[in-house]
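Consider the single chain below, provided in structure tokens and representing the form predicted on its own.
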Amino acid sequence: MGTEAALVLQVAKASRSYGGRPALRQVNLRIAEGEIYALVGRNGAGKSTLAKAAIGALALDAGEVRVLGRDPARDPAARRAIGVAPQDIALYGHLTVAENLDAFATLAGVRQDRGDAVREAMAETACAERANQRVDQLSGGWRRRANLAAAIVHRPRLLVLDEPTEGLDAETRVILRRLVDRLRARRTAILLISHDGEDVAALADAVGVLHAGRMVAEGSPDALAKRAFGARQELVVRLGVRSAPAEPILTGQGLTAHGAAALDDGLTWAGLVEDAPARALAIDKALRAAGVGVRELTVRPAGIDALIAWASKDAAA
């Protein structure tokens, strides 16, 4: 982000333990206006604890959190500047979409033009056509849209998105990405918690990797990938059927088996390799010569799982 961007969220030396077990260890985090920061890590790394502390829902043992310079755990004005779209739908099932948004807007302190705020939020999340339908009668995708609308109805300065694309249909995923682009243009700061590498690559300006409660790597997606993998890319080969002749060909190119596909009993092999396009051509040629059918052969940037594994291994070394 540019040096002139105002700081929206600042977490300094955050520490928190549960029953004597550290969940956060001296974690620092800064998100400026208009910045999308992706927080990633394995289960139990501390992502949820850090997110709860960031919105003032969890007290720290040490350290501090500031949203627009105020402590969200103590200052209602700071909390009203935050919007949260949790992974689990947090809406009133017996109310309609419009009634839910009106309730959330009221709770967030929207007094004037509340109706306009509700209509705008529904328009931005493309759920206006379900405005008068009860939430408990909606499909999962429509509930997710309404959940997003409730998080932005008061135009928050900081938005927390917790696994926003979990179980999403393709249309709702597109709506989410367009919404994020508009929020970025409005200078909203976004904390994105996701294990979806496609989301992180497409949306995030910065990535932070948590491991065992510590921030072990941080930077732009491109910079972190270059630091972690250099010129290596992920090469994925999916066979049509299991094949003994394929194994020496694939292992010889630096790939390892990743388990059988559930539907067709095929087998997926993958690895991070140098000069991946040339290796892909060599593998395809060798497998065809051996009479082995190739169902899929893909070259792509290293994913979030690989980045987390790299950062976690580096931290443990």
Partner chain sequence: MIFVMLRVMALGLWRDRAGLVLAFVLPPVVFIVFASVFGAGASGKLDVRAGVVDRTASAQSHRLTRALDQVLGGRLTLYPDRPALLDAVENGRVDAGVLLAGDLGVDPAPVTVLIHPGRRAAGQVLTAQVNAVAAQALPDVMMQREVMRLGPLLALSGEQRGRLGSRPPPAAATPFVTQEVLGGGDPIVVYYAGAVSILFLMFSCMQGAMSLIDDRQTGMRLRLGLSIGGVAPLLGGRMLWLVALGVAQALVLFGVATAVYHIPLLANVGPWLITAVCAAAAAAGIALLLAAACRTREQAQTISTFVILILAAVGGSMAPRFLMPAALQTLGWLTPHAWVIEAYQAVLWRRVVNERVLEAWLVLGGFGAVGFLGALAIERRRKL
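Positions refer to the first chain, counted from 1. On a predicted model such as this, the values are computed, not experimentally measured, just so you know.
Omitted here: the form predicted in complex with its partner chain. The next part is about that form.
Mapping the unseen interface onto this chain, P86 counts among the residues with a heavy atom inside 4.5 Å of its partner chain in the predicted complex. Using a 4.5 Å cutoff between non-hydrogen atoms, A150 counts as a contact of its partner chain in the predicted complex. Remark: Y92 counts among the residues lining its partner chain in the predicted complex, judged by a heavy atom distance of 4.5 Å or less. The closest heavy atom approach of A108 to its partner chain in the predicted complex falls within 4.5 Å. A heavy atom within 4.5 Å of its partner chain in the predicted complex is found for one listed residue only; from R130, R79, H211, R157, this is R79. With the partner removed from view, the residue among A32, I55, L267, A276 that has a non-hydrogen atom within 4.5 Å of its partner chain in the predicted complex turns out to be I55. Stretch-level contact analysis of 71-79, 165-173, 242-250, 119-127 against its partner chain in the predicted complex, using heavy atoms and a 4.5 Å limit, identifies 71-79. Along 114-145, no residue reaches a heavy atom to within 4.5 Å of its partner chain in the predicted complex.
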